[in-house]
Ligand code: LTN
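Only one chain is shown below, in structure tokens, and it's the form predicted alone.
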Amino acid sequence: MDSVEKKESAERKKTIFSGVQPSGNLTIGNYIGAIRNWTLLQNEYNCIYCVVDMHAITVRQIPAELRRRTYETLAIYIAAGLDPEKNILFVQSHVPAHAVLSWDLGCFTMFGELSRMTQFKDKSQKNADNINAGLFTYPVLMAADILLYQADLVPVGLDQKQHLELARDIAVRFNNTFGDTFTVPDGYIPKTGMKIMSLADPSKKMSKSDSNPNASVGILDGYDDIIRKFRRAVTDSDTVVRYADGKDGINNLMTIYSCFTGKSFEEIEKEFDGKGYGDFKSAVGETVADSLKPLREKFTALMKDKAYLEDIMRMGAENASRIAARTVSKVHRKLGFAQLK
């Protein structure tokens, strides 16, 4: 295949965009529900993956920690298998077009739409002393992230579907007013591992910001720490490993085990037939710890090479900026902004 054919093949591929905030320690929920799935898509799609540091500041951050976690998140992307040659990997704040388009789209977003966002309500309760405008309008920035790159698909968890729907509504509203401008994105939701729950309270999603250290398992947690957390996982009074209503803790552990082993729930039930919860929890912990060990080792090596990570950031920002500039230019022309040539 010559260079022209390669270019045409790349252009025929659909574009995927997604990102993770560099706030808190990324969990196995982030890994199963997002990052690991991304690695499976990089050969089939034009993939653009961002470290969304601008989203992180809706909650107060310690600047030094935010910088460190930005490098760490990029390193995790690469350690998990995202090839910088196959994907555009960049940091959101390195591409100012995100903020520019967010303002433009904010003028096409209704106050009522934003007030109905469930995550705004949740975060407002958790950060009652800092209910800032960014917390209210950050779904518009998320829409700008997606629409800026004319993304066809957006890998989303169930808790982000509402934000994707808003992005779609904004795109349709703008297109109806000014003509075909934005690709209207669809969600890409994996069948398994959509939502990994807390080990301490399986009725809640596993969160990197959970104050209970035993509630979540971090991608970078130590081997023994991972096993210990799973052994302490909350279950029920039953002793049989089976997937059923009312067994939220075991259902969650079975989902995690299934995601890391590829085994069906039926196969898991047969494997642990006659065994108790203790054996099962230990097996889940050891499987997760073993699976993440190569990633942690590669991550450690990457974090020792800051210059390499900055090269990836720079290359990614340049590639992302070229795509973003085309979208912003089109939008501003349609809005009637005077543009310099």
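Numbers for residues come from their place in the sequence shown, where the first is 1. All of these numbers come straight from a predicted model, not from anything done at the bench.
The form predicted together with the named molecule exists for this protein as well; it is not shown, and the discussion that follows is about that form.
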Quick one: find which of 138-146, 178-186, 107-115, 227-235 has residues within 4.5 Å of the named molecule in the model of the complex by heavy atom distance. 138-146
I need to confirm a contact call. Of N212, Q119, T261, Q162, which residue comes within 4.5 Å of the named molecule in the model of the complex, counting heavy atoms only? Q119
What is the one choice in I250, I219, L199, V154 with a heavy atom within 4.5 Å of the named molecule in the model of the complex? V154
Since only the chain is shown here, I'm wondering whether C47 would be in contact with the named molecule in the model of the complex (any heavy atom pair within 4.5 Å). no
Using a 4.5 Å heavy atom cut-off, state whether V52 contacts the named molecule in the model of the complex. yes
Using a 4.5 Å heavy atom cutoff, which residues in 15-37 contact the named molecule in the model of the complex? It's fine if the answer is none. F17, S18, G19, Q21
